[in-house]
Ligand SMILES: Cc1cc2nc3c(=O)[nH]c(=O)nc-3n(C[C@H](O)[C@H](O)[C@H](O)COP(=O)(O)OP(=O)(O)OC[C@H]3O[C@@H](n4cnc5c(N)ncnc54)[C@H](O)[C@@H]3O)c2cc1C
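So this first bit is one chain, no partners, the form predicted alone, shown in structure tokens.
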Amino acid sequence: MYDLIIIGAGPAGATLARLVNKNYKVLVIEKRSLRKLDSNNKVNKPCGGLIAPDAQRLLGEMGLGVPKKVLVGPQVFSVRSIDIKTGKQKFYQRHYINIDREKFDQYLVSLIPNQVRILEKAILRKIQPGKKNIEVFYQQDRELKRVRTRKVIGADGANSLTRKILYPGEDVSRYLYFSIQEIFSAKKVLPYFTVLFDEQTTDYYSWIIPKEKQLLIGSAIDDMLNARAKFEQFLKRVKKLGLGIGQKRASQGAFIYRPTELKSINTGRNDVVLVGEAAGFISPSSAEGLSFAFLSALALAKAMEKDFDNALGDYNSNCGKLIFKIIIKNWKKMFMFRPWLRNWIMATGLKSMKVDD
């Protein structure tokens, strides 16, 4: 019998497992293998692997740094914004820490105390609440197993199975984007993070991120049925920009959540609680999720420290800062994703910088 079972060992789940009271019996269920390098691991989410300033600040406040083995060159100090339709482009100062995302997740998992049990390559199948406890069914090594717990924490990302089980009738399809990211060899190193706006592909945004001698090229697309076709056409337009894109080496795909309305956020009910992107905590303007993952994990850890049995109420109160951030980001996205307004701002050169390209 566990006090707490955490579904997912990404940044939200790993942070919560590290911060939760050491007297609790905790189990983490994770579908990847993160405690050691595994050549068979597949990164399920096509994350660009950039730590934005908000997440950097939170790492600092938690007394954490980023190990050298996690870093990937080049470190980037500017964002290049390109509107593919008009050809307008501007550079803006912004500092990101460029990382290998899987190694970063491994680092966060390595900080989890030894008394926390971690099940790797295990997949959640069912959650069944009872009068006194909750039964959790998971599959590992082709065997279906069952454990009992007082609370379940869903930290399993955008397409959260925990959330689907908890709310079987909830329709979040309008908040889901399908993210496709492909890895290419780079003919030249791009010293900046490139944001691309292409209305033919998506009403969100696309990106190019340098990783040593490789480029990550991706797009978050709301048209699920035609996502692959739209992405292929998008690539053709991008290659015409002359950015030194070489041969394709890999392709990844996953869902991204975009909380464009406050009702898209759901923190759970009773003793099944949602954190991070599973709850809808992610930036609707940039899809930055690390800071939201850390903040939601911190909010829940504080709530459980105060009153474990009735933590959901305090957790909701503690999430006020997160809700406010999402309101601000939704306001910001109006300027970013309305073509006429975005192009007017780019034309003014507001807050842009000159770069010798």
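Keep in mind the model is a prediction, meaning the values are calculated, not measured. In case it trips you up, residue 1 is the first one in the sequence shown, and so on.
Form predicted in complex with the named molecule: not shown, discussed below.
Put simply, I256 is close to the named molecule in the predicted bound form: some heavy atom of it is within 4.5 Å. Although the partner is absent here, W207 lies within 4.5 Å of the named molecule in the predicted bound form, judged by heavy atoms. In the predicted bound form, the named molecule sits beyond 4.5 Å of every heavy atom of K151. Among heavy atoms of K329, none comes within 4.5 Å of the named molecule in the predicted bound form. Between the options I221, L124, L196, L166, the residue in contact with the named molecule in the predicted bound form by a heavy atom within 4.5 angstroms is L124. In terms of contact with the named molecule in the predicted bound form, the residue from L27, C47, M304, L295 that brings a heavy atom within 4.5 Å is C47.
Comment: 275-283 is the region of 79-87, 237-245, 221-229, 275-283 lying near the named molecule in the predicted bound form, near meaning a non-hydrogen atom within 4.5 Å. Interface residues of 1-27, taken as those with a heavy atom within 4.5 Å of the named molecule in the predicted bound form (partner not displayed): I7, G8, A9, G10, P11, A12, G13, in sequence order.
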